[in-house]
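Take a look at this single chain, the form predicted alone, given in structure tokens.
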Amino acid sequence: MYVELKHINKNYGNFQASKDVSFGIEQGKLVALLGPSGSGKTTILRMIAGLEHPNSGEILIDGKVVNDIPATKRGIGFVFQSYALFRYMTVFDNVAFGLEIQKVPKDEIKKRVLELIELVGLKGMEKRYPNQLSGGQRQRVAFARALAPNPSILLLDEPFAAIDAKVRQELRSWLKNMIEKLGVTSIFVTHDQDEAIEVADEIIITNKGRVEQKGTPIEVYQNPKTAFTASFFGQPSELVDYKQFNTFKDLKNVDKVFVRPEFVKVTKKSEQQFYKTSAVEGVIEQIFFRGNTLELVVRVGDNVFTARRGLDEELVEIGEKVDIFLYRIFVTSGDEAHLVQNQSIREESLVI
């Protein structure tokens, strides 16, 4: 592993921000630290950078313990959410700043800076100032500045949070392509699940200072290992009484049950229901237009949960009675979670 954290603990007074955090990251990977506010993800990032110091445990980079190595000597580039550009410096001078601090020869600085400005798609804007750039352009300057000293690791703290939705979507693809091209090990903090799924090679989910789960986006999404991950990832709804649904009545040691929208089939009374004997009646309580789908809030007895229906299907109405079939559910017991398939359908008939 190129970056390793071993049994890291970090306290701020009586508050423990990191609790026995251990994980490894392979060289060249783009990894997302994903979790709710206050889950400890930014603390982890800042400890890797050397901006914070753990109370115990070891941080290793390329096999070397760096706990006592200052931030300026760790070979790390850092991109902040707020860009942190120098307002009175041009694009060129902002990108060159770190190299000038290192006293790199001027001809080498010029060559490196112009290469990076072209790499991030800002060629011809070298003489502009930050206030003459869009939010997306400013963030690209921040990326270029962080990359200028050839860091071994690139750290990004919610790099797209201050950018509007359309530009954020464009920058996600751009960042992933750029990291793949450069091969620099990169770790970014986000609370946006879609962002983590789209951009990251691996996701590390944090909660209350702990690492809950680590894996590829597909692994973490489809196979949550802990109760928190099952309740956090995706768009889960908790079922108050899962026994109101057919074929889920014999579960043992159940603490909580969650269902995701893609686990639910909503069928109008006038449509064919392939699992009629296993479906239950529900009522549409709310409908939200989400662009390519309709998001439905459905009630079945005491259970209220979210489902989806395609725009190519016949419209449903608020208050309409419909048939509800659950393909599967997540069941938690203690701190563990597992997937339970509906017994009335065969494994190969399920749609993920």
Partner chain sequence: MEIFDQKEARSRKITKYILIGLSVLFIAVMLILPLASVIVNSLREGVDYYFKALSTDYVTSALVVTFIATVIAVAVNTVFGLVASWVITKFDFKGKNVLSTLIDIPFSISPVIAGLAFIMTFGRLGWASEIIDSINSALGTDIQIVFAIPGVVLATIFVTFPFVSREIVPVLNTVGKDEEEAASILGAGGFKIFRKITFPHIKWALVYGIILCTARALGEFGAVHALSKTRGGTFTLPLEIDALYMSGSADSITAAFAVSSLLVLIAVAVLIVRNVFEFRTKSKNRKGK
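Numbering follows the first chain given and starts at 1. Everything quoted here is computed from the prediction, not taken from an experiment. Rigid core: the largest C-alpha set superposing within 1.5 Å between the two forms.
The protein also exists as the form predicted in complex with its partner chain; that form is not presented, and the subsequent description refers to it.
Residues of just one listed stretch (174-182, 236-244, 114-122, 92-100) have heavy atoms within 4.5 Å of its partner chain in the model of the complex: 92-100.
For the marked spot (L51, A71 and Y129), a heavy atom within 4.5 Å of its partner chain in the model of the complex is present in each of the three residues.
In terms of contact with its partner chain in the model of the complex, the residue from V189, L154, V199, L85 that brings a heavy atom within 4.5 Å is L85.
Here is the short version: of P149, G136, P261, G215, the single residue with a heavy atom within 4.5 Å of its partner chain in the model of the complex is P149. Residue contact with its partner chain in the model of the complex: I203 places no heavy atom within 4.5 Å of it. Not displayed here, its partner chain is approached by I76 to within 4.5 Å at the level of heavy atoms in the model of the complex. Interface residue remark: F80 is counted as part of the site for its partner chain in the model of the complex, having a heavy atom within 4.5 Å. None of the heavy atoms of K29 is located within 4.5 Å of its partner chain in the model of the complex.
Interface residues of 26-47, taken as those with a heavy atom within 4.5 Å of its partner chain in the model of the complex (partner not displayed), are limited to R46. Core-superposed comparison between the shown form and the other one: the Cα of Y129 travels 2 Å or more.
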